[in-house]
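Coming up is one lone chain in structure tokens, specifically the form predicted on its own.
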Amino acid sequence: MMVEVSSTLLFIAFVAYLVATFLFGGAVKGSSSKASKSFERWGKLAITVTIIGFVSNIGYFITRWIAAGHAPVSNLFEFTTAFGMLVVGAFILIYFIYRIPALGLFALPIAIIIIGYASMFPREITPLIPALKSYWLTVHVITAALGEAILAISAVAGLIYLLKNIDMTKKSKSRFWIEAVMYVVVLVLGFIAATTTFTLADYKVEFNYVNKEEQVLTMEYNVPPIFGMNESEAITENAMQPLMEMPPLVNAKKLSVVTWSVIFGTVLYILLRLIFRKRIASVLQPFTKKVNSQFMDEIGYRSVLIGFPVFTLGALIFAMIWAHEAWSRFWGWDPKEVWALITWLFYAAFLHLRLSKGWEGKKSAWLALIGFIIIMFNLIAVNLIIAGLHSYA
């Protein structure tokens, strides 16, 4: 019963964020006219609906916690939905400081995509493995997710800044790379499309394979197996044979999912380009015309100032303490640990360049975007492809 309530609350939150996105679009449109009252009305309605969605999202988190008996951050579905919720929470806080509707118009779709991405993973509540039965699960993971969510707002501000200040009518490196960012976003939608398509088709095939401990195990694919596990042999009759075999370090099943996501995402991107007959960045640019660039630069910088120490605390310090308790060592060069360190070093360099070298404006905005791409690479590629001690996530 509690699980059903939890799922319903998450769905309500998702719908509320969708509605709020359109309302923020109305507020942005109103801000470009003389109808200031209309602008205020749309803005108030948009943030009200966003808060309703956020409260519903918190309700999902609490009811799921009660049903599971532990903080709902133990697998990809739970962690990613929590991450999306915290992105919305960080946005709400920033909105009440700056009152910029364009921030909601871009922040909420990112949260929607994150939650939509999460919904493609198994949603069943399963018992915690022994390594996760610790209060550090709650402390470490939630703090790390909160830090990443705050850093995500810096990327939103950076994206808005760049869309406003890049000349889309002239060929340039900036125009190329901002469109590349749009393409990456569409690839996440491609993951959702690919997963949904093969789920509806009820695609399932099984293979035996040999893992790095020389054990023979069984793997079930829910997408056509482009890549095969180490020494894989088909169990399902007439199953499509993998085009390439992967070493034990690589999860070939998840790599196949990523590859299908790229294929679906690329097709979707081409369709969008044909529909709009222009770059996606050019389609979005008009929504940023009335934005104050200085405010966007300030929001991006302050978000990193707040998010960086929170991320440091959760993703490194708390993680190392828990690692010592669980595995009797503070650091082990696990893929997730390495990418957490890379993320930390990147944002440390961001602050150094900002404070010492005066990297403001476009340079700062690009750094914020790159930082968020690193975070998402850790969330998507490292979790899905590379096997390690954090593979349960």
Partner chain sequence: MDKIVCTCGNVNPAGTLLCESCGRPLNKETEDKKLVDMRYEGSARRSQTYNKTIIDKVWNFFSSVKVGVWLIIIILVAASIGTILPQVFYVPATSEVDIAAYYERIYGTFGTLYYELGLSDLYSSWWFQALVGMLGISLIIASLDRVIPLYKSLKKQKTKRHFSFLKRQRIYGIGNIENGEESIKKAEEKLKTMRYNVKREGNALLAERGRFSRWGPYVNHLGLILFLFGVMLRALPGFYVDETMWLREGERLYIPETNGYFLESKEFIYETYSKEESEEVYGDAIDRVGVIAKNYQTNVALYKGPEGAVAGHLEDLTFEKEAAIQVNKPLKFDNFSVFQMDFRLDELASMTFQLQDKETAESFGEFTINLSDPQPVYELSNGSKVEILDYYADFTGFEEGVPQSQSPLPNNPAFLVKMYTPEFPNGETSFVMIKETLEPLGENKHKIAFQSVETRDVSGLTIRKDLTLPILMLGGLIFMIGVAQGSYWNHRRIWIQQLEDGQVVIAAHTNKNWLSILRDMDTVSELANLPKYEDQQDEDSKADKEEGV
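Small disclaimer: the values here were computed from a predicted structure and weren't measured. Positions refer to the first chain, counted from 1.
We do not show the form predicted together with its partner chain, though everything after this point is about it.
Colleague: Flag Ile317 as yes or no: does it have a non-hydrogen atom within 4.5 angstroms of any non-hydrogen atom of its partner chain in the predicted complex?
Modeller: Contact check for Ile317: yes, within 4.5 Å of its partner chain in the predicted complex.
Colleague: Within 4.5 Å, heavy atoms only: does Pro286 come near its partner chain in the predicted complex?
Modeller: No.
Colleague: At the 4.5 Å heavy atom threshold, is Trp366 in contact with its partner chain in the predicted complex?
Modeller: Because no heavy atom of Trp366 falls inside 4.5 Å of its partner chain in the predicted complex, the answer is no.
Colleague: Please determine whether Ile129 contacts its partner chain in the predicted complex, using a 4.5 Å cut-off between heavy atoms.
Modeller: Yes.
Colleague: Counting only non-hydrogen atoms, which stretch in 211-219, 111-119, 198-206, 261-269 is within 4.5 Å of its partner chain in the predicted complex?
Modeller: Selected range: 211-219.
Colleague: Of the options Phe91, Phe308, Phe83, Phe106, which one has a non-hydrogen atom that comes within 4.5 Å of its partner chain in the predicted complex?
Modeller: Selected option: Phe308.
Colleague: Considering non-hydrogen atoms and a 4.5 Å limit, which listed residue (Arg302, Lys254, Arg273, Arg175) is close to its partner chain in the predicted complex?
Modeller: Exactly one listed residue reaches within 4.5 Å, namely Arg302.
Colleague: Output the sequence-ordered list of residues from 54-93 with at least one heavy atom within 4.5 Å of its partner chain in the predicted complex.
Modeller: Heavy-atom contacts within 4.5 Å come from Ala67, Ala68, His70.
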